[in-house]
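In the form predicted on its own, a lone chain appears below as structure tokens.
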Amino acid sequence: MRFITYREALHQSMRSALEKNCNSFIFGLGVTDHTGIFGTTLGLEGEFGGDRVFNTPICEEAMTGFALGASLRGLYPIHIHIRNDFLPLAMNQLINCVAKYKYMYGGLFEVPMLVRAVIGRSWGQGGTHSQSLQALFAHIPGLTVVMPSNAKSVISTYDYVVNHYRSPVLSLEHRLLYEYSFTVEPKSEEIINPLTSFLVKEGSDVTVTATSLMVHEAKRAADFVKKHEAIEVEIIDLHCVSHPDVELILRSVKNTGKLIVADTGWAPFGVCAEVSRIVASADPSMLSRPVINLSMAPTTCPTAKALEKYFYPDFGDVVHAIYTLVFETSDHGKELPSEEHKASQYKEFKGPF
């Protein structure tokens, strides 16, 4: 077992992809920049050559169309976007072409590729640089959307999709995770499909299903409520938001009777709505209390740093939601994490991207 940061796991995965898959190549805006997409592609151009690792002009639709053509010709493109906010500029390629090619041609063509895009916040990013658009793409049949929450998920997921999965994958990486350290066990030789959801922590009182950074906020909240009120929280990392483990979710909710969905995006028509739909469609009587959704505020992200705490959910919000369900009132009067405690948990992103 060893410690590795999220950023180091990404760099290791990119290097491994180029080593193990001779048809793979990495490209995108900033790939060969001196920062190397937050350090995740540094040195790869020098090691593997400019024909396999290269920068591109700013033209998202053209870049994605290029990836589609390369994939159809037998190559494996890894297309990196610094921000997921500009993926809508590639919507035509991703939705009308990449996602549908295999189906429309009766399986004669496959489009294996990996698209990496960064989500997140901090540093006054504002309305067009702070979004979390997983729901837009998870809605589309033919696209697999993952949100790795830790280094192990990065390594196992990227190795699997680059070397064994024959369909397009969009991965959203949270910028606040890049410098977090994680423990990683030696890789097993057994090939296990990671395109699903994972049980992070067992518990009997409340189920929290979460994505990306919110998995860690849920873990902190679980530690807090266990220490203060002896509440046991079960946590599910949704991970593959386009193909969540429905049986795992339903089994957990049946056991606890209480559900919180904590997502990095907006709740309406999003991940929160989908998980709630899964439970309501299967058996709403499993719930002893209404579902609580934690998400971005239903408005455009403010640029002012002071307003971020009102826009993004944090582990204090998860604690409050747990108490609300357990004590059956939002006016529970229980101690919540202090602002200093909450702020100390973040490794703030300082820019420039």
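The first residue of the shown sequence is 1; numbering continues from there. These figures come from a predicted structure and were not determined experimentally.
Omitted here: the form predicted in complex with another copy of the chain. The next part is about that form.
Undergrad: If you check in the model of the complex, do 186, 215 and 236 all have a non-hydrogen atom within 4.5 Å of another copy of the chain?
TA: Per the other structure, none of 186, 215 and 236 touch another copy of the chain.
Undergrad: Please pick, from 231, 89, 249, 176, the one residue with any non-hydrogen atom lying within 4.5 angstroms of another copy of the chain in the model of the complex.
TA: In short, 89.
Undergrad: In the model of the complex, which of the stretches 154-162, 221-229, 260-268, 199-207 has residues with heavy atoms within 4.5 Å of another copy of the chain?
TA: Selected range: 260-268.
Undergrad: Is there a heavy atom of residue 302 no more than 4.5 Å from a heavy atom of another copy of the chain in the model of the complex?
TA: Although another copy of the chain is absent here, residue 302 would touch it in the model of the complex, with heavy atoms inside 4.5 Å.
Undergrad: Please check if residue 241 has a heavy atom lying within 4.5 Å of any heavy atom of another copy of the chain in the model of the complex.
TA: Judged by the heavy-atom cut-off of 4.5 Å, residue 241 is in contact with another copy of the chain in the model of the complex.
Undergrad: Residue 326: heavy atom within 4.5 Å of another copy of the chain in the model of the complex?
TA: Answer no; every heavy atom of residue 326 is more than 4.5 Å from another copy of the chain in the model of the complex.
Undergrad: Do residue 245 and another copy of the chain share at least one heavy atom pair within 4.5 Å in the model of the complex?
TA: No - in the model of the complex, heavy atoms of residue 245 and another copy of the chain never come within 4.5 Å of each other.
Undergrad: Could you list which residues of 249-281 come within 4.5 Å of another copy of the chain in the model of the complex, counting heavy atoms only?
TA: Sequence-ordered list: 266, 267, 268, 269, 270, 271, 272, 273, 274, 276, 277, 280, 281.
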